[in-house]
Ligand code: NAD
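Quick heads-up: it's one chain on its own, the form predicted alone, in C-alpha cells.
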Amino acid sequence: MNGDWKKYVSLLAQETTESYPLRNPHTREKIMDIPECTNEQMENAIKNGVEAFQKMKALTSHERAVILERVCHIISENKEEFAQTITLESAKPIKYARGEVDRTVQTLKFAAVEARKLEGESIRLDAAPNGSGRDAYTIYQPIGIVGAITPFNFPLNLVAHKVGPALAVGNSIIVKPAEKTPLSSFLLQKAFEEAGLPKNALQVITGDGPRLGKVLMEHKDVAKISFTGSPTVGKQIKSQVGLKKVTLELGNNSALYIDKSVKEKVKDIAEKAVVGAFSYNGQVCISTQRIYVHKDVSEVFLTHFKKATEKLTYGVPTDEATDVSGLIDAKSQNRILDWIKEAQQEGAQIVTGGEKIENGIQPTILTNVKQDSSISCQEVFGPVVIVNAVDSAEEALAKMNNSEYGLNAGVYTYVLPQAFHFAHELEVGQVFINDLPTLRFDHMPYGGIKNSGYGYEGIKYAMQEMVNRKFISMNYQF
C-alpha cells in the first residue's frame, strides 16, 4: 500500500488552511502536519455519508461479507506496513503492533461472519387471545450514519471494532480518530476502498475531537455515536446526544486477585501478570492495575513479579527486543510521576521502577498503596501496578469492588465455590477466572458498568446496537 495515508492527508488538507503537528511519542519528533478539518468538512462528510448509506443498505448480506473478507486479505498482505504505521504514530513496540494487526484481521473476519448471520425471530402471536391467524417476525435494518470517535492506544483494532460492525449491517460510518494516531485509520480506509466498499461509506476526518464530535452529535443525519475514551468526555456525550443511539467504552482500573490455593502456580501467574500490567506501557484500558494477593503467597508472588518486571527492555519501538517505550505525551508522563510521588507520601513503597526514563517511565511496582490514592482509585494508563497483600478472599473482593470503574477483573483460584462467588459478586462487565483481566477476545461481549461504559462492543453485540428492530405481522385470514 506504500504509505497511502499521505494521499488522504493531502485531500483533507486541500479543504483547510489549518493543521497540527503529529509527533512520534517515543522521540517527540514531528512526523508530519495533519489537517485540522473544519466543521464544514465534517458536515460535507455527513452529506456524503447519507448518499453512501443508500448504497450500503442496498447491498446484500453476502456482498457486505465479501467486502469484509477482502479487507482481511488486504490487511494480511500488508501486515508489516500496518504494523510499522501503528508503531510510528503510537510508539507501540513493533511486536505488539504486529499483534494488533493480527487482531484487526480477526475482528473483521468476525464481522464478515456476523454479516451473514444477523437475523430476527419468529413471534407466536396466537399466544395472545386475539392473535390467531397471523404470522409475525422481526427483522433488523441499518440505522444510517455511525459517528465513531476512537482512542490512540489501539489506532487500528479499536477503529475496526466500530467500522466492521457498522458496515456489516449496511450503515455508513465517519471515523474521527484520536488526534495523536490518525494514520492507521487512513490505511484502513484505503484497504476498504481496494476491497470495493462503496465510495464514502467509510470516511476519516481529522482534527479537534470536542469540536468535530459536537458536529457529529448535533447533526440530524447521524444516527449513532460510538465513543472510546475518558469517562469525563463519555458523560458529556451521553448528556448531549439526545435520542441518538450511543455506545461508550470508558475508563477502568482492572483488578486481579491471587488466592493461596494457586500457590504452586504463583511464578507462572507472576510472569503472565507482567505482560498484563506493562504491555504497551500500560496504556490499555484493561491493563492489570491493581493486584491483591493472599498474604500466604504475597511475598513469593512479589519476588517473582519483581524479577520478571526488571527483565523488561526499554528501547526504540521498532526494535524487536523492546518491551516498553515512550509514553504517548509529556502530560501523561508527568501525571503518572506525580501520582507515584503522591502514593509514596501516603506510605506506599516502590518495589522497582518509579523513575522517568527518557520519554517514558520505568515499569513500576508499588506496594502498601492506600485505597484512595490516585494510583489505585483512578485509571493510571501507564506502566504502574500496585500489589497489596490481603488477609482473605472476602477482603480482596471488597477492595476490588471499591472502585468507580467496572470493566474487567480476574481471579486465580482452584477453589470452585470461591470462583463462582467472585464471578457473581464482582461489579464488572467481564470476569476472567484463572486468567488476567487484561484479556479480550474480539468476538466476546465487551462493556462496562459504573463509570466504565454504556452499551456493548464485540462484533455481534455492537451490530445489534447499530440497527433498528422492525416487527412485521401478516394476517393470513383476512
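Keep in mind the model is a prediction, meaning the values are calculated, not measured. Start at 1 with the first residue shown and count on from there.
Here the subject shifts to the form predicted in complex with the named molecule, a form of this protein not shown in this document.
Highlighted residues 37, 155 and 191: none comes within 4.5 Å of the named molecule in the predicted bound form, counting any heavy atom. Heavy atoms within 4.5 Å of the named molecule in the predicted bound form are found in one stretch of 367 to 375, 395 to 403, 210 to 218, 349 to 357, which is 210 to 218. 177 is the sole member of 276, 142, 93, 177 with a non-hydrogen atom lying within 4.5 angstroms of the named molecule in the predicted bound form. This chain is drawn without the named molecule; in the predicted bound form, the residue among 303, 313, 230, 76 with a heavy atom within 4.5 Å of it is 230. A residue is said to contact a partner when one of its heavy atoms sits within 4.5 Å of a partner heavy atom; residue 100 fails this definition for the named molecule in the predicted bound form, lying far away. Contact check for residue 186: every heavy atom lies farther than 4.5 Å from the named molecule in the predicted bound form.
Looking at residue 198, you'd find every heavy atom of it more than 4.5 angstroms from the named molecule in the predicted bound form.
Proximity of residue 381 to the named molecule in the predicted bound form: non-hydrogen atoms within 4.5 Å are present. Interface residues of 271 to 292, taken as those with a heavy atom within 4.5 Å of the named molecule in the predicted bound form (partner not displayed), are limited to 285.
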